[in-house]
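Shown here is one chain on its own, the form predicted on its own, set out as structure tokens.
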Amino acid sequence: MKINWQLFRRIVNLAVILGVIIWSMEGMNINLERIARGIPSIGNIIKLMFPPDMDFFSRSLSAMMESIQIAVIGTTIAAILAFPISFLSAAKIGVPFSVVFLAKQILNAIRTFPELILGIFFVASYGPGPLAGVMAIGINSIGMLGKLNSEIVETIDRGPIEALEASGSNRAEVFLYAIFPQVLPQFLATALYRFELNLRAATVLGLVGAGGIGVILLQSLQFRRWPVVGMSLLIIIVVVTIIDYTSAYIRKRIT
């Protein structure tokens, strides 16, 4: 009897995945009965959020604007700092292997730390406030932007590069006229996508004292002021949705 090894490998892989999921659920004491018990509590909390506290509309909106500012500045810092390392970590444009390896390890190390951990670190360093949030988002975003941008650089069309090199152009001219025009639109699109993620992160960083609307959420949750929580969450949902659609439109236009 001939064994279908491809089917056998798929079954083994599926069994391993299921085993890991079951092991993880048991380790965290997750089960359907426990989940079912918590659903009524979730429903009660949602009911307590409505109607939202309109007295906090202005304050919540102002804090949301601060979260947007944190995301804008943090993303801008990350895009600027990630620009050179994106080329240093690209393996197919003539950068020495040792430099590429070192640059990739730096990006890997940066991506290791989530925004909340960096937020706690910078709050301890600079004190509570939006500066800590900007630093946390800016540093964390370098890892993702550097990695994605380096992959963009590695997939560029080498035709224009070879044409300029054959005509005697130096490295600066090759970069300015053959490489940079190809990667710039995708770099911008990647930065916009990262901005969307950073806006969500900025709304959470306030929970560790790093400014933005998360500060209001933290205070409201501590004192069980559910209508204020509802007002803040409503503003977050509306603003994030608008920015997501706007960013997606811009990204389609520039790529």
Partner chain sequence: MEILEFENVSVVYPGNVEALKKVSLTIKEGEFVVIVGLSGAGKSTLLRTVNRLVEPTEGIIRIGGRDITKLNKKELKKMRAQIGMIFQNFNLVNRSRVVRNVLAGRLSYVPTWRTMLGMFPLKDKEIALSALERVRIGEKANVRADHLSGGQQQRVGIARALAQQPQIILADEPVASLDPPTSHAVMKDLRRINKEDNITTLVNLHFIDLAQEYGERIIGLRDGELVFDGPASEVDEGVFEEIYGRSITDDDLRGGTQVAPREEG
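Numbering follows the first chain given and starts at 1. Bear in mind that the values here come from a model prediction, so they are computed numbers and not experimental data.
What comes next is about the form predicted together with its partner chain, which does not appear here.
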Looking at its partner chain in the predicted complex, is some heavy atom of each of Gly94, Ala103 and Asn140 within 4.5 Å of it?
no
Of Leu88, Leu81, Met144, Leu164, the one that lies within 4.5 Å of its partner chain in the predicted complex (heavy atoms):
Leu164
Determine whether any heavy atom of Asn170 comes within 4.5 Å of a heavy atom of its partner chain in the predicted complex, and answer yes or no.
yes
Is Ala248 close enough to its partner chain in the predicted complex to count, meaning some heavy atom within 4.5 Å?
no
Contact label in the predicted complex: Val99 to its partner chain, heavy atom within 4.5 Å:
no
Could you confirm whether Ala178 comes within 4.5 Å of its partner chain in the predicted complex, counting heavy atoms only?
yes
Since the partner is left out here, which residues of 225-255 would have a heavy atom within 4.5 Å of its partner chain in the predicted complex?
Ile254, Thr255
